[in-house]
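There is one chain below, alone, in structure tokens, taken in the form predicted on its own.
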Amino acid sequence: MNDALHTALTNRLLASADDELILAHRNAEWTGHAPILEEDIALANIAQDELGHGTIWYGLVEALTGDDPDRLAFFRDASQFCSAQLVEQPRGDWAFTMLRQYLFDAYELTLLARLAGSAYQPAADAAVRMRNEEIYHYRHSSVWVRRLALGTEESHRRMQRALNELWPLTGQLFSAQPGDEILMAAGYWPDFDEMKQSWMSVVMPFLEQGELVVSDLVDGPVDRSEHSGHLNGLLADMQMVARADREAVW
């Protein structure tokens, strides 16, 4: 593997790992606060799955670079993260959390289905391992989005408000990053334009069934180096214990 391919692959794996880690943290913030006890447990389990998937992606980064996953999670600053702004947003209300989860789950299933055929075998194996759990996540979030969108006037209003806030942030998931053309030429990573079209073909009809309206397209963040102002605070909370003693062995 040449240097350019190595760098591009590392960056894409790291982006997937960071997305999972940050979303896991946001979902874990619901522990003890979900609307019903069953959902408190369900979302905690989903957060744990996402953390496990993040660990898998960080493990692939470690195999390429030697970087320890715990160091990557707890000792990088916000400017070094590759997470999308979609997952960085505060948890919001239940409608916001469930819609964000749905939009991201649909993205992940689209990505994993294609990575399962990657020429980079470690990524293909990882995609196969994660896909079944992501199918469960998608089913869970889609049930809640439909339930709230078609529920009461208030639940529909909250869901529409969440869509208005989240939709402009979805483009960053599919935006081209430096080195993508090398990854695609090697068969290591799928084409993001094709992925977005596939994602849209699933997401748009689903939202329409819930009588939700996608507002006029608004330009959102593109490069994954563009972070929201929320990431610094999240990392301060998440990394506080590890940074209290950098040499501690847990």
Partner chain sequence: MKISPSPPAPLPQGEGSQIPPYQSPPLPLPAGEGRTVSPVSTRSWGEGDAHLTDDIVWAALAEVMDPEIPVLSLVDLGVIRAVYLAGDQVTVTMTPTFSGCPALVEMQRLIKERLQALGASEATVNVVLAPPWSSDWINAEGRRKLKAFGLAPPPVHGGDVQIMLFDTVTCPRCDSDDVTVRNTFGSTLCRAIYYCNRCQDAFEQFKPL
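No experiment lies behind these values; they were computed from the predicted model shown. Residue numbers count along the first chain shown, from 1.
The form predicted in complex with its partner chain is left out here; the points below concern that form.
Tell me, out of H156, R114, R91, R71, which residue has a non-hydrogen atom within 4.5 angstroms of its partner chain in the model of the complex. Looking at the other structure, the residue within range turns out to be R114.
Between G32, P35, G187, G66, only one gets a heavy atom within 4.5 angstroms of its partner chain in the model of the complex; which residue is that? None of the others qualify; the residue that does is G187.
Is the gap between S142 and its partner chain in the model of the complex 4.5 Å or less for some heavy atom pair? Because a heavy atom of S142 falls inside 4.5 Å of its partner chain in the model of the complex, the answer is yes.
May I ask you to state whether E133 is within 4.5 Å of its partner chain in the model of the complex, using heavy atom distances? Result yes; E133 sits at the interface with its partner chain in the model of the complex.
Look up in the model of the complex whether I41 has a non-hydrogen atom within 4.5 angstroms of its partner chain, and give yes or no. So I41 counts as contacting its partner chain.
Is there any non-hydrogen atom of R161 lying within 4.5 Å of its partner chain in the model of the complex? No, R161 is distant from the partner.
So in the model of the complex, are D49, H53 and V202 all sitting within 4.5 Å of its partner chain, heavy atoms only? Affirmative, all three are within 4.5 Å.
Interface segment, criterion being heavy atoms within 4.5 Å of its partner chain in the model of the complex, picked from 117-125, 165-173, 91-99, 74-82: Flagged stretch: 117-125.
Considering only 96-113, what residues come within 4.5 Å of its partner chain in the model of the complex, judged by heavy atoms? The stretch touches the partner through A106, L109, T110, A113.
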